[in-house]
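The form predicted on its own is given below as one chain in structure tokens.
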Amino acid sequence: MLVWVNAIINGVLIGLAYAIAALGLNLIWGVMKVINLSHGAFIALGMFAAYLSIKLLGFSVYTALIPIFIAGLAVGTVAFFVSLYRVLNEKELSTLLSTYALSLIIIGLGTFFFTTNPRAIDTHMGSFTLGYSSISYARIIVGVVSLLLAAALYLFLFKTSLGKAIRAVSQNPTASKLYGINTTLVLSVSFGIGVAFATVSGALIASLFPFTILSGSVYELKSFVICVLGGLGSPAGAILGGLILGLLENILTLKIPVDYMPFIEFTILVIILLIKPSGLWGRR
């Protein structure tokens, strides 16, 4: 029984970290209807930013989260003007190819500088004992930080003028422009926030699992599954999808090999697309 309780708690905590990665992808889709294929590359960038912050600057992975978020916001805003701005009103294939090219550039440079050797961050946090099982404090911190980030995004979107402008542009960009909203600024900041969430989620995940420069693609796939499961464009749906995926991973792997999880995740993706394409919390 305690094993199942442990799996559920761990599933919720890691699911919250997955949800933060998916929130960035969801925000970009919700505001500009762009599927960001560079999302995994930015997650990997966040992993190495955390690793280098510890090795070179002596930060802990948690104190490095704020500079990583700010750097992700800045890099994402610049990346919007470099890769997306000119093709934003073109056909979907143009934005797909543009973000995919951006991903190839980041992964190519990352492979050149960091190689594909695995790295790991040792947090030395110990664990909380629950009967015969234990939950690491690192996972608890990751879960709490993820919750705080999700709450901060909610407050930003619903309580600040820039957040309200982002919501207005996501619903009707033409009317927003007529009301005097600087849509270019809103779109660039939205892409920057999406990238910032990707990099911070990468740093959080790197505090739990080993990683390479290619690891971002795994979490990009999970982010797509979460977005489709919860509903594309729905922040609450991303949280719900992340929790479901985290619980499934931790509960199912008690009975089946972990190698089967990508197959199960793809199956969930296909089933949701077939029976409820708008997702569990999405809007039609």
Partner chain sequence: MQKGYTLYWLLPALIVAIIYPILTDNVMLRETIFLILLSITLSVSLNIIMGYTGYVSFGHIVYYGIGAYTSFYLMYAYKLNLVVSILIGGVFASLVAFILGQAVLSLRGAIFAIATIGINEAVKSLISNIPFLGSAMGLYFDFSIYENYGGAIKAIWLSYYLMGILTVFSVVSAYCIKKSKFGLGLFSIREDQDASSVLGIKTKLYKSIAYAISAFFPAIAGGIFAFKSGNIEPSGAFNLVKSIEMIVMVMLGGYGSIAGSALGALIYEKINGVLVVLPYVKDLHLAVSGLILLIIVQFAPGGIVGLLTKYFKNLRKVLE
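Because the structure is a prediction, the values reported are computed rather than measured. Residue numbers count along the first chain shown, from 1.
Unshown form predicted in complex with its partner chain; subsequent notes refer to it.
S.K.: Choose one stretch from 233-241, 61-69, 32-40, 247-255: the one whose residues place a heavy atom within 4.5 angstroms of its partner chain in the predicted complex.
M.R.: Among the candidates, contact is made by 32-40.
S.K.: Is L96 close enough to touch its partner chain in the predicted complex, meaning at least one heavy atom pair within 4.5 Å?
M.R.: Yes, L96 sits close enough to its partner chain in the predicted complex that at least one of its heavy atoms falls within 4.5 Å.
S.K.: Against its partner chain in the predicted complex, would L269 count as a contact residue? Criterion: heavy atoms within 4.5 Å.
M.R.: Result yes; L269 sits at the interface with its partner chain in the predicted complex.
S.K.: Quick one: is V12 in contact with its partner chain in the predicted complex, heavy atoms, 4.5 Å cut-off?
M.R.: Outside the cut-off, so no.
S.K.: Hey, in the predicted complex, is L84 touching its partner chain, heavy atoms inside 4.5 Å?
M.R.: The answer is yes: L84 has a heavy atom within 4.5 Å of its partner chain.
S.K.: Do all of A101, F112 and Y260 end up near its partner chain in the predicted complex, with near meaning a heavy atom within 4.5 Å?
M.R.: Every listed residue reaches its partner chain in the predicted complex, so yes.
S.K.: If you check A175, L155, L162, I105 against its partner chain in the predicted complex, which one has a heavy atom within 4.5 Å?
M.R.: Comparing distances to its partner chain in the predicted complex, the residue within 4.5 Å is I105.
S.K.: Determine the residues of 205-222 with a heavy atom within 4.5 Å of its partner chain in the predicted complex and present them in sequence order; the list may be empty.
M.R.: Result: L221 alone.
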